[in-house]
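Here you get one chain, nothing else, as structure tokens; it is the form predicted alone.
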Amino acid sequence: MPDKRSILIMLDPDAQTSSFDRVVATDAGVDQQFAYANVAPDQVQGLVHGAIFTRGMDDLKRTAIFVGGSDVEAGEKLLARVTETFFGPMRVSVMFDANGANTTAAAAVLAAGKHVELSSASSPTALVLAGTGPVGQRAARLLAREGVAVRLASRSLQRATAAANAINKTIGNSLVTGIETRTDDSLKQALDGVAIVIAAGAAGIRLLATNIRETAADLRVAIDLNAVPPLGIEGIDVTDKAKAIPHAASSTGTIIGYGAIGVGGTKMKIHKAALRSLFESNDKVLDAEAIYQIGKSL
């Protein structure tokens, strides 16, 4: 009789596996979790072989791999080694969400899309603050794939331009532009004509003060993904969810605001749904775009 228990093999480059990721996997209904910490790329092959050579072909879909941890760059190397190890039908589905970068970016873009049509036909412009980080780059990538012109901001124009060029190369268009936001004047210029702002900076860093934000006449949605004071966008609380926020330049006197916890509910739904989907087949690779599509279907 086939073994119907779902097994999630969790690969984490950190010194200990993430309790967050394990709790979410449990709540998503995973039967068994095999969690490995301090995983280096040269250790991946043996762990993957253990996943693909232990069950019959019909039962491979009941095993899956989750690559997590706090270091997104290290996680990307593990993901690459995982997919390189698969061959022919000998594979299991895998999800990548190191530091929650993919699920968070997907939730942020979905929140924006509830209030601004995301398409090339509507020609919206978005500004991603601290856009060179893992969440910022993924949010920019997802927005650009939807047809949104994206200004990817950093205090360093060189870093912003390099990240924008890399995203454009990946998605095959030129909708992402790197910009510098080192000064108040440059930040005001960056906000000109922008309908969506997503602040994706590190914890405890203020990226957009109220007096600067309120100069943006076209702004409709502001999303702050930082949950640690001082918050990334002044005037938006961590729990705000589609809340009307005072905004002097708006014709209505308000914009729509989301805080990190306000976006977090959608992020958690996406995370759980993505985990469940791993056990539908043995050939899925869930990175930012695939995870975003799962979010759109919820």
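Computed from a prediction, not measured in an experiment: that's the story for all the values here. Each residue number is its position in the shown sequence, starting from 1.
The discussion below concerns the form predicted together with a further copy of the same chain, not included here.
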message: Only one of Val30, Ile245, Ile270, Ala260 gets a heavy atom within 4.5 Å of a further copy of the same chain in the predicted bound form. Which one?
response: Val30
message: Only one of Gly265, Pro230, Gly253, Gly50 gets a heavy atom within 4.5 Å of a further copy of the same chain in the predicted bound form. Which one?
response: Gly50
statement: TL;DR on 231 to 239, 66 to 74, 36 to 44, 245 to 253: the one with heavy atoms within 4.5 Å of a further copy of the same chain in the predicted bound form is 36 to 44
message: Residue-level question: is Ile7 within 4.5 Å of a further copy of the same chain in the predicted bound form, judged on heavy atoms?
response: yes
- request: Report yes if any heavy atom of Leu278 sits within 4.5 Å of a heavy atom of a further copy of the same chain in the predicted bound form; otherwise report no.
  value: no
message: Given that a further copy of the same chain is not shown alongside this chain, does Thr17 nevertheless sit within 4.5 Å of it in the predicted bound form, heavy atom to heavy atom?
response: yes
- request: With heavy atoms only and a cut-off of 4.5 Å, decide whether Leu286 touches a further copy of the same chain in the predicted bound form.
  value: no
